[in-house]
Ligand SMILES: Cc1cc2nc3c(=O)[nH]c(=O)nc-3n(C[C@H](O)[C@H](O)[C@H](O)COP(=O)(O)OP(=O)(O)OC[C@H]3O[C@@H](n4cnc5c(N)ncnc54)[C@H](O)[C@@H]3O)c2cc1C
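Consider the single chain below, provided in structure tokens and representing the form predicted on its own.
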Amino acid sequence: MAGIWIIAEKKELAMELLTPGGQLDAAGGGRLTVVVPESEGDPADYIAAGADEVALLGRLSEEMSFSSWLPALAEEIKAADPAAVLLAATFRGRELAARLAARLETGLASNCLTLAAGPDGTLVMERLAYGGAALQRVAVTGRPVMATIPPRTFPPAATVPGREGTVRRLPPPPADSLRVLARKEKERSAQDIAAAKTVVCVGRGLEKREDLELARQLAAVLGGEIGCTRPISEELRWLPENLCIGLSGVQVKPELYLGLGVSGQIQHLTGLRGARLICAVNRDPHAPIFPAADLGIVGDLYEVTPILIAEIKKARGG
């Protein structure tokens, strides 16, 4: 590998991407460039985390979108000719990556979980396939290799104070044919379940929206956060989408995951692969979540959950 570019819309995403980017850069001896909006922190932080160069994106007007930078980024990448370009697999990151790959006429590997330089210098990536039932190994033959990486796949890069690097500002983007007419905030929860040590997840076994209070009480006594499966957030809209755990949702790595009425489809289980302890309550003894669980209770969540709450309070002297 020779030369790695990282493009991120947020500082925390850039710091995570610097981990695999730094590893690939060390293997190839190239230059590591980080591209971030100028509002996302001190450029020195990225340099301390391994960047050789920080390219800043200026502020956009309210009528412009993040993808307005597409033409400028494409020209910069063509001129620099890096071996690989890495982006976070966020909504904006996925859109920008696809459009950028089309302009660069190169291949794009999405949602990569591992990246490594092969013996011939080819970048080999692994990602989940068939809804998480299989691991697919891919290699892009074009240049640059482009890949999107789900947030929190890698830890933030370690920092080394005193590192030196360059900082520059990219030229402003030209007028975009796509104009933002209005912005409307999507309903989101303030809680960050991806960072929670305990997650109580509700599934379709919950009968009414009002019954979410039962799960919230359990999460409260455990000192955790509440999450959900896709039917709860997308179909019923009982909870915001940023609380949905799964292949196309949030990836969680809690100390304890407790599923209430969660069937355990592979798309959901993929989102909790990093959980240390998986517990499940489901009245169906054949629910797919049980083979994946460390502890399971076959029973009605409406009967089991109040007992769990009472016993936990008793154990903690509450």
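As the structure is a computational prediction, the values presented were derived from the model and not from experiment. Numbering starts at 1 and follows the sequence shown. Here, rigid core means the biggest group of C-alpha atoms that superpose within 1.5 Å across both forms.
Just so you know, the form predicted in complex with the ligand exists too; it's not on screen, but the next bit is about it.
>> Heavy atoms within 4.5 Å of the ligand in the model of the complex: which stretch in 136-144, 85-93, 227-235, 155-163 meets that?
In response: Every other range fails; the passing one is 227-235.
> Which residue, Val221, Val124, Leu214, Leu247, has a heavy atom that falls within 4.5 Å of the ligand in the model of the complex?
Replying inline: Checked against the cut-off, the match is Leu247.
>> Within 4.5 Å, heavy atoms only, which of Ala293, Val35, Val281, Leu32 is in contact with the ligand in the model of the complex?
In response: Exactly one listed residue reaches within 4.5 Å, namely Val281.
> Does at least one non-hydrogen atom of Ala51 fall within 4.5 angstroms of the ligand in the model of the complex?
Replying inline: Taking the distances in the model of the complex, the answer for Ala51 is no, it never comes within 4.5 Å of the ligand.
> With the cut-off set at 4.5 Å between non-hydrogen atoms, does Arg204 touch the ligand in the model of the complex?
Replying inline: Judged by the heavy-atom cut-off of 4.5 Å, Arg204 is in contact with the ligand in the model of the complex.
> Does the ligand come within 4.5 Å of any heavy atom of Glu12 in the model of the complex?
Replying inline: No, no contact at 4.5 Å.
> Does Gly261 reach the ligand in the model of the complex, with heavy atoms at most 4.5 Å apart?
Replying inline: Output for Gly261 is yes: heavy atoms within 4.5 Å of the ligand.
>> Pick out the residues of 106-122 whose heavy atoms come within 4.5 Å of the ligand in the model of the complex.
In response: Sequence-ordered list is empty.
> With both forms fit on the core, has Glu12 moved 2 Å or more by CA between this form and the one not shown?
Replying inline: The answer is no, as the C-alpha of Glu12 shifts between this form and the one not shown by less than 2 Å after core alignment.
>> Given a core-based superposition, decide whether the C-alpha of Pro288 shifts by 2 Å or more between this form and the one not shown.
In response: Result for Pro288: yes, a 2 Å-plus shift.
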